[in-house]
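A single chain, nothing else alongside it, follows as structure tokens in the form predicted on its own.
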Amino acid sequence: MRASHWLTISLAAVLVLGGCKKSAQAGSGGDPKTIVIVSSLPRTGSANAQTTTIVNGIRMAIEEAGGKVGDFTIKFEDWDDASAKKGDWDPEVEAANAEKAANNPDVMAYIGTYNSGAAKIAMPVLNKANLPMISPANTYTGLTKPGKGEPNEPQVYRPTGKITYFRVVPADDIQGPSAVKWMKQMGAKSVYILDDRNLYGKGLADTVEATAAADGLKVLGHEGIDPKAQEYKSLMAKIAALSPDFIYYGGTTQTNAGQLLKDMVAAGLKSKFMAPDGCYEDAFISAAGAEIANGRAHLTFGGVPPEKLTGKGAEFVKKYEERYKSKPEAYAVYGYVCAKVVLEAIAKAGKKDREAIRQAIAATEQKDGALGTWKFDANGDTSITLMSGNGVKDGKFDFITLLGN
């Protein structure tokens, strides 16, 4: 998942230049019997409801381990990468978090980020420090897959040449085609594509456009929006004249997806609205309004919603509800799995050493885990390719169909 502005990479470069040499030597010293795991997620703003459930999932995994792995005491620190001034993740804060983690010899794993743009900032810093990073939510393809992003991706995020970044969710080269497949299954002949001009949103929208053109779904237009605009009435009036079967939005709740849907309905469009996992959070329904979202909003998600998990996944949901007296949002189980991967890697490594733990994470192969059976490939991507299509019914997300393999 998740958004960023293309310009943040240059800002990140300025912010981290001073600390890279120092952080490259981090990973020794500290308390020999204490291992710190940190998370860096937006804890300020509307994403907080989702990220709270991710953090809860991480805590559950550590609690299940009794707060220890072998002779090591595991400490978890919940870091915010958002700021009050932005109300969302902030590149300056994410850069500071990455440096702080890289330079703390007790930190052996960095769980994050939520937003793909934030990952672009943290990844090279943590890579130079040989500090493993594992994301529960990033989906931008260029973070890991050569030839599927910018020309310098993903090498620019791997200055040491090692793979230190991993993710447990399917990337957008799977999500985009799944969205097109689903629109066609629902009888769509045309789509108008919008994006928030950010890393995650535009990248995904571009993938949808390319796939639609190849699969015979007519693209009536594609343009970027101002994600801070108060309303989009004139835009929707223009689109209404074209009568697309779908409006596809590459963006997130935080980049005004709810307002787009409200203005689409207000303009009298009969189109359906489709958005990616960046909107698969309760905050999206609140922003759009339940009555407006009901039956009109369609959302793709990497995997299945919590209520459709089976086996150990269903056990996780039950324990979560007992522990927190509430239902987990979609990414909670991914936070839990991230923590489980780290804890298993620490046990396998048997020592407080970033390189040993990195190697153990890379070799992860979970069988019958909360997300089923899966492993990381050579680029740090999950082998999971299953997606789901979800709607909104009675003000709540409603599972509709499985997508992908």
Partner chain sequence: MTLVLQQLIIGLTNGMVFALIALGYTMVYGILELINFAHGDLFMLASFVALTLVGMLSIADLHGGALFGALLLVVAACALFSGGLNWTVDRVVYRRLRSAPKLAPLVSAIGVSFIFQNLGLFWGGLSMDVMGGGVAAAAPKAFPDLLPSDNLLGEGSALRITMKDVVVVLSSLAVMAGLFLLVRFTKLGKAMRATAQNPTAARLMGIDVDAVIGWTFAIGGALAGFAAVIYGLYINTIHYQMGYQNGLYAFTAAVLGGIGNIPGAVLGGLVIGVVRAFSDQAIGAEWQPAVLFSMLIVILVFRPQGLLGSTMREKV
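Residue numbers count along the first chain shown, from 1. Bear in mind that the values here come from a model prediction, so they are computed numbers and not experimental data. The term rigid core refers to the most C-alpha atoms you can superpose between the two forms while keeping them within 1.5 Å.
Another form, the form predicted in complex with the partner chain, is not on view; read the next lines as being about it.
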- Note on the structure: Within 4.5 Å of the partner chain in the predicted complex, heavy atom basis, the matching stretch of 296-304, 167-175, 252-260, 311-319 is 252-260
- Task: Evaluate Gly380 for contact with the partner chain in the predicted complex, applying a 4.5 angstroms cut-off between non-hydrogen atoms, and reply yes or no.
- Result: no
- Taking 4.5 angstroms as the cut-off for heavy atoms, does Gln366 touch the partner chain in the predicted complex? no
- Check whether Ala347 has any heavy atom within 4.5 Å of a heavy atom of the partner chain in the predicted complex, and answer yes or no. no
- Partner proximity in the predicted complex: Gly268 to the partner chain, non-hydrogen atom cutoff 4.5 Å: yes
- Query: Would the partner chain be touched by all three of Val180, Met186 and Glu209 in the predicted complex, meaning a heavy atom each within 4.5 Å?
  - Reply: no
- Task: Scan 273-287 and write down, in order along the chain, each residue with a heavy atom lying within 4.5 Å of the partner chain in the predicted complex.
- Result: Ala283, Ser286, Ala287
- Message: Aligning on the core only, does the CA of Val342 end up 2 angstroms or more away between the shown form and the other one?
- Response: no
- Task: Using a rigid core alignment, state whether the CA of Arg43 is displaced by 2 Å or more between the shown form and the other one.
- Result: yes
- Message: Does Lys270 shift between the shown form and the other one by 2 angstroms or more at the C-alpha, the core having been superposed?
- Response: no
